[in-house]
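First, one chain by itself in structure tokens, the form predicted on its own.
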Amino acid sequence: MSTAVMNSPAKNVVKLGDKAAGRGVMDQVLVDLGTENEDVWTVCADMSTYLGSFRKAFPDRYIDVGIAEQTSVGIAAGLALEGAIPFVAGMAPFISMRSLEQVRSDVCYQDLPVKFVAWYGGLTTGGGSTHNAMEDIALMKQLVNMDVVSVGDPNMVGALMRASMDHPHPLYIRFGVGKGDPCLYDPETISVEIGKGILAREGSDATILAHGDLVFEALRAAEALAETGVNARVVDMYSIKPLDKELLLRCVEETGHIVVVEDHLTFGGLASSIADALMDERVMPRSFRRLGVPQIYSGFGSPQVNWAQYGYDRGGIVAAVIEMLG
């Protein structure tokens, strides 16, 4: 698997506890990668606002097709066939749904190393159901050859982009709003690898597995649980496909109780991948709960409002763990 250290290069790293825009990290890392490798291209569909640094530095390797996501994917596939390293950047609901056929047939069918960097994953846009990406992980992980990661730390956006340079398959990198994201980890001590998870907090009573923005909610929930005497483990399962089965099985063995929380439909995302993996390994946890978007189309509202409404904010996580433990 491809690995990248989060503190390289230092100029694009956010310190622990600070906040940064994941989209800004994306743009600056693209400039770094484009400087290091003249085969790096960026393709987008009317997203020039978020790629200004790369566009200015490498105008001949920047393509904005307008509001035509299908076209952006087709062009990226053509670039990859000619030996280029294309990054397709845009909003998660449109990359994953509007251009799904092109992702499947143009990119995945030929197993081309196109990298998709998508923000506004989950119920984060505030724009209602048409602009929320609550199915994107389910769609992308079903595609043959496509790997899927979902991150909640701005440094991890850049680290996974760097790791993707040596990744031989299509890759979908998902994050949330991409603005004002908290830095969850000390960048000098954490490395990321496609196919691995991060043990974000030790615990022995139950394991909370999350990805993306919900990792921060899970960590805050674990702090609240500690005040009640519950010692909850938190795992950042940012690599959804491939899944870190070794870490998952260790958590089941050591804590028994499993809660999966994600800003995605409760079926088809990380929770379904974990359930499948446990059944395939013939491992049965003492209890299993999944928190996320129910089978409805959500309305308008901020991420925090939506998470609370559907019971998977930090309060919902606390309640689920306490109920699980009886």
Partner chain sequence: MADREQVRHLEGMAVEMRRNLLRLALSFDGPVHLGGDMSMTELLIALYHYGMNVDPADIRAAERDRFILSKGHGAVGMYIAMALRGFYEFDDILATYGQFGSAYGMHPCRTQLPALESSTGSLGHGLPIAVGLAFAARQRKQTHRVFTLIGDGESCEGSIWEAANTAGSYGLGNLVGVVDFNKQLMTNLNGNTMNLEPFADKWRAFRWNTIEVDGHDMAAICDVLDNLPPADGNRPTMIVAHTIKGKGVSFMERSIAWHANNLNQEFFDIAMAEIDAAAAKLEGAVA
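Since this is a predicted model, take the numbers as computed values, not measurements. Positions refer to the first chain, counted from 1.
Although it is not shown, the form predicted in complex with its partner chain is what the next lines describe.
Asker: May I ask whether W41, G52 and R314 each come within 4.5 Å of its partner chain in the predicted bound form, counting any non-hydrogen atom?
Answerer: No: no residue has a heavy atom within 4.5 Å of the partner.
Asker: Scan R98, K141, R104, K115 and let me know which has any heavy atom within 4.5 Å of its partner chain in the predicted bound form.
Answerer: None of the others qualify; the residue that does is R98.
Asker: Pick from T130, T228, S204, T189: which residue has any heavy atom within 4.5 angstroms of its partner chain in the predicted bound form?
Answerer: Selected option: T130.
Asker: If contact means any heavy atom within 4.5 Å, which of 29-37, 253-261, 293-301, 266-274 contacts its partner chain in the predicted bound form?
Answerer: It is 293-301 that comes within 4.5 Å of the partner.
Asker: Give a yes/no on whether V65 approaches its partner chain to within 4.5 Å in the predicted bound form, heavy atoms considered.
Answerer: Yes, V65 sits close enough to its partner chain in the predicted bound form that at least one of its heavy atoms falls within 4.5 Å.
Asker: May I ask you to state whether F216 is within 4.5 Å of its partner chain in the predicted bound form, using heavy atom distances?
Answerer: No.
Asker: Quick one: does S287 come within 4.5 Å of its partner chain in the predicted bound form, counting heavy atoms only?
Answerer: No, no contact at 4.5 Å.
Asker: Given that the partner is absent here, does Y185 sit within 4.5 Å of its partner chain in the predicted bound form, heavy atoms only?
Answerer: No.
Asker: Note that its partner chain is not shown here; using its position in the predicted bound form, name the residues of 293-312 with a heavy atom within 4.5 Å of it, in sequence order.
Answerer: The stretch touches the partner through G299, F300, G301, V305, N306, Q309, Y310.
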